[in-house]
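In the form predicted on its own, a lone chain appears below as structure tokens.
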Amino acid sequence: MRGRTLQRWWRNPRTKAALVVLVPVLAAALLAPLYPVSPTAQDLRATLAPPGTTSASGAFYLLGTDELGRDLTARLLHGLRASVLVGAAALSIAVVVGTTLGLLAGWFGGAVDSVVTGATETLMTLPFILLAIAVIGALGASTTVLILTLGLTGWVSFAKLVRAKTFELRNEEFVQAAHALGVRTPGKLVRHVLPNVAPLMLVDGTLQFGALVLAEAGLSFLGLGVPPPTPTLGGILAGGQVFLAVAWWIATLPGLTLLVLVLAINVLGDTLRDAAAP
């Protein structure tokens, strides 16, 4: 991002509000292993304990426990960590695949553009949830399959964005000058085209990150995400819905955590977009 764009982004009060929420949440997710209580440790004497309960063994449960007496604070922290890491890994795959295909389609055009455009349009017509269920059902539920499924279905927006910008940039004077100097195609794409599409990718990547985190939670809710015993926000929410009438905190707290995380990410993406195109 250029200096003026960065200044506009930082001066936006919504940017600071989003960062105030997002930075502590991400820090808590990354530092989850430092929490002294295991997310899988059970205390059957403290099942369905409400928030702020001290058990007979002397353990204090800040956010209560679930039906097996597991500390909900520990499970939320580790579930948040799983959602963030899966979303980041899937986003990395989507960025690499989408950027590469978008650069090739926009630069070469012709048959390459037709193939890439056909692939993007095909994926856009397929309902994501049905495609994900089919892939995970065929390959089995695992963290690796989940990341690959999210990453290899999330590259479409990057490819469309990079293709359009590359098609515009390939006729610019600085690119033509590089061509006249004998710079090969990989050099022109990496040195001249890619830096000019990077700000757009940053904006779209921020918005896509929130969508991927939400998609991971949705698949985990359906039992197609990260397999047990690793806790996930969607998995905790799915298990807690059964006890909603007697233990509201089990389903409500992961839902609120997911809402705050995705909302903060989307607000940050909106402010980046507004700063890049005021």
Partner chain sequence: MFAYLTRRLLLSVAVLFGLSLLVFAMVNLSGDPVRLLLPPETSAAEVARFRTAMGLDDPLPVRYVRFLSHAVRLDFGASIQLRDPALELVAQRLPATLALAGLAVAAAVLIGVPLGVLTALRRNTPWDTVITSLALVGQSTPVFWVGVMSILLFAVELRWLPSSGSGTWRHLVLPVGTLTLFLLGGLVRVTRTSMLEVLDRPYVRTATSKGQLRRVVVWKHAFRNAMIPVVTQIGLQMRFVIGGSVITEQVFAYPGLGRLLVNAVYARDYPIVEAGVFLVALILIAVNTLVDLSYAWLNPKVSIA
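Here the structure is a predicted model, which is why all the values come from computation and not from measurement. Positions refer to the first chain, counted from 1.
Beyond what is shown, the protein has a form predicted in complex with the partner chain; the following relates to that form.
Proximity to the partner chain in the model of the complex holds for all of 122, 221 and 259, with the criterion being a heavy atom within 4.5 Å.
Proximity of residue 226 to the partner chain in the model of the complex: non-hydrogen atoms within 4.5 Å are absent; the residue sits far from the partner.
Though the partner is left out of this view, residue 129 does reach within 4.5 Å of the partner chain in the model of the complex, counting heavy atoms only.
Although the partner is absent from this view, residue 49 stays clear of the partner chain in the model of the complex, with no non-hydrogen atom inside 4.5 angstroms.
Interface residue remark: residue 12 is not counted as part of the site for the partner chain in the model of the complex, having no heavy atom within 4.5 Å. Of the candidate stretches 31 to 39, 245 to 253, 50 to 58, 64 to 72, only 245 to 253 contains residues with a heavy atom within 4.5 Å of the partner chain in the model of the complex.
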